[in-house]
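Laid out below as structure tokens are two forms of one and the same protein chain, each shown alone and named structure 1 and structure 2.
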Structure 1
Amino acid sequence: MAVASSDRGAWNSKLGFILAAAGSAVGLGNIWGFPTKVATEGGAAYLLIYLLCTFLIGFPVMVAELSIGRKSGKNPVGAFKALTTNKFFPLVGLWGVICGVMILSFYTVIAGWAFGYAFEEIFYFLGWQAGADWLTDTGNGFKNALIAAVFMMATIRIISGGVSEGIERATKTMMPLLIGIIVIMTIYVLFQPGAMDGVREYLLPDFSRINPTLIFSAMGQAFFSLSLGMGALITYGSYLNKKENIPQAAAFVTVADVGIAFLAGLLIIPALYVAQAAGIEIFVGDQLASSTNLVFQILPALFHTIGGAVGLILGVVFFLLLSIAALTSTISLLEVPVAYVIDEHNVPRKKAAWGVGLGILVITLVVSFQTSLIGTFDYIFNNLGLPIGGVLICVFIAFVWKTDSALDEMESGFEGVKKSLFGKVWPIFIKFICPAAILYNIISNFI
């Protein structure tokens, strides 16, 4: 079988891969979606179930995707072509590529909103109210298209630089910066009036809230937050060195994703209650405000209430944090179809990056003017598309390529894996537990 060549690119280091893969996993959902779910669905009880689901469902599927990628040295479509003569599974890979393209088309618009709000904070501080209002109008198609285009151009530039000089170099800068911003802002927020109410809401468990609905909500969040099912980790795995320990690398990525999500919750939920202490309404009826209202209404209102240089700095830094988190995800979303074009059509990287990126930008421009498409695309390609891809990857590993073949691939970097506890337990999860749990989640979505 083919392996990743230097022409395609490869990671310079394990740290580079871990930061890039963690960056793919850490996105806008981790920063605002996850904390709100924790606060509204049982506090630390939800957090505990989420951790269990991440390691019991997400981690085994991540190992599967990385194994497929490294063995084949290809993109999701080429990977299945390389590992089986079955004509169906390359279509599974193609479905993953399509999901990534469509998610990127609307994700860039939302990322543009976050980026625009960083400048809104500056305009508000300077008293340029008309400019601030223009930047916060999410229904303004021209504004949406303009900022989304800027965001897409930044993503294309990084991808066109290659795996080590583009993706790895960028994420080695952005991920530590992202973590640093979260930690500094969290320390500040925790010393503000009302913050401890948020800490209690976030960390005190209400075990009476644990029920099937909570469990499968947490499982869905865990699966989506790890970027599984769309081929991103197959693609990133194709650049992995044969000396790397795949289960260990996957564990590091999972811990990084969970850790950043936890830190984000420790920032966002106390910040909500700081806003309440400042007189800002954070509840709609008896429920916390939705994630979108939280980020684009409540927190900007808090920064404006704080006022002065402190309010300005907090506001700008927070929305830059969101922009960085979004960019680390858009990089992986674009890399999947770019790798497909490079591998399957023998197109040079720069040409592939600009061609694919500008092609997706056309869809993004449509979404910019028709933002109602965001909910539709999110449901089809994210809520349903990714878990369907995840189930089919499990089926492929379990019954087509076989778990023994995957474990043989893992032997490079993890000698004796078949005799280890991981080697004995992982096949059971991939064959039975993971697909059953993900299928239940898909059925729940339909219901």
Structure 2
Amino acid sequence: MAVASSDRGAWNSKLGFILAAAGSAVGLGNIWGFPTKVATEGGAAYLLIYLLCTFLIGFPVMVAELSIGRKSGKNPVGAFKALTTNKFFPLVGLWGVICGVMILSFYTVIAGWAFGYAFEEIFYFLGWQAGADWLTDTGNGFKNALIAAVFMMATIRIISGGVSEGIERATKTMMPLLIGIIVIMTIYVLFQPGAMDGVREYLLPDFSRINPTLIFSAMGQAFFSLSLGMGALITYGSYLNKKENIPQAAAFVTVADVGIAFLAGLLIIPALYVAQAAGIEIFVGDQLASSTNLVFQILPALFHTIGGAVGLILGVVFFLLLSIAALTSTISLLEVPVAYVIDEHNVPRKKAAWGVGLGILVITLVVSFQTSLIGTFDYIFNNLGLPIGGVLICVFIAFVWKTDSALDEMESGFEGVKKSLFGKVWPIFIKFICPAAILYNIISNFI
């Protein structure tokens, strides 16, 4: 028996989808992951390679995922089943579901840090140091577990209510506010002593720092930040209206995502050098003193030097916005396995959301106490898992479903796509450039 269609859901409006996909893309990857990796792995050289990976590999793959999703109207496993009788590709979808589950398990812990810091700012302002210190201790397993659990519950509640309402509304107000606050802080930071060293590090590439490890990391970051490679956008595409212009929507999401990551870097990299100039120990030699919680140390330090009510308000609002950005991302991560269970195992949405969500929470609790797992999971399921998923999606379109069928799907919403420049170039990327570049990067990283 088919699941009632109301359990699948759809986006309310044209803008709804774009907002939801942008909400999925913009998250901790932009504000925590990207600046951390720029700082530790190559400065402007990293930025440059990241931009190339995003536009040359990420964008074409995003168009591919959305086309598969809208054509099939299914979760990643069901989508491949619907478009081919080949038994291998549904496993690719399943691998995506697994990557999503594992990424969500550690993502929630970091989201919990961000959420906790909103309160840390308040406690700091009130002079309650013990409370503030408790929240800043990213190694405190009990605290991590508690806040992560709250975060997971919020995600489950939204997912169990269906896809559109909450995500669309949250994203619409959050995104402009987040950009606004980052811009204000960036201007403040750029006038502090030491900032220009950071700007130079961020914008003047030292090409000798480009190596296979850097490229591999930047490629993984591009996939993660765009929410690609695990079928999140196949799933979101499955709720997409036939009137929507897929390449245009993908372009908008890509630009919004890159824009926010770029801005976050322009804030955080100079802020590191400002903190360094102010005597806070950020670098040991030319290595960063800490990495996973770097951003969470530097930003509060910044709010505290601004101080007073202004520092308080900026700090609280910033961390709340970051939490909402993380929430619109955890929503997309949970939606994938939930859609899978709804479609493929005929479970009602509410039950699927709570069952899957609480199951993932168990892994999250382990990560809360063992935060070193974050790096390990990030490496396996993000750096490695997502690009592998990306290659297989390209292979699927190139050799099984065919780029022509994908373009046919794009015709609705983008009439004449086949004759357009995009229609001529995109197949070349999907058949040759993207898979070759991804495989080359993965292999040369290991050699």
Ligand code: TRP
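Residue numbering: structure 1 sequence, from 1. Only the largest set of C-alpha atoms that superpose within 1.5 Å between the two forms is called the rigid core. Computed from a prediction, not measured in an experiment: that's the story for all the values here.
* Report the structure number, 1 or 2, for the form predicted on its own. => Looking at both copies of the chain, structure 1 is the one that matches the description.
* Asked: Taking the rigid core as reference, does I234 move its C-alpha 2 Å or further between structure 1 and structure 2?
  -> No, its C-alpha moves less than 2 Å.
* Does G359 move its CA by 2 angstroms or more between structure 1 and structure 2 when the core is aligned? -> No.
* Is A145 among the residues whose Cα moves by 2 Å or more between structure 1 and structure 2 after superposition of the rigid core? -> Stays below the 2 Å threshold, so no.
* If you line up the core, how far does the Cα of I268 move between structure 1 and structure 2, in Å? -> Comparing between structure 1 and structure 2 after core fitting, I268 shifts 3.2 Å at its C-alpha.
* **T173 CA shift between structure 1 and structure 2 in angstrom, with the core used for superposition** => Core-aligned C-alpha shift comes out at 4.3 Å.
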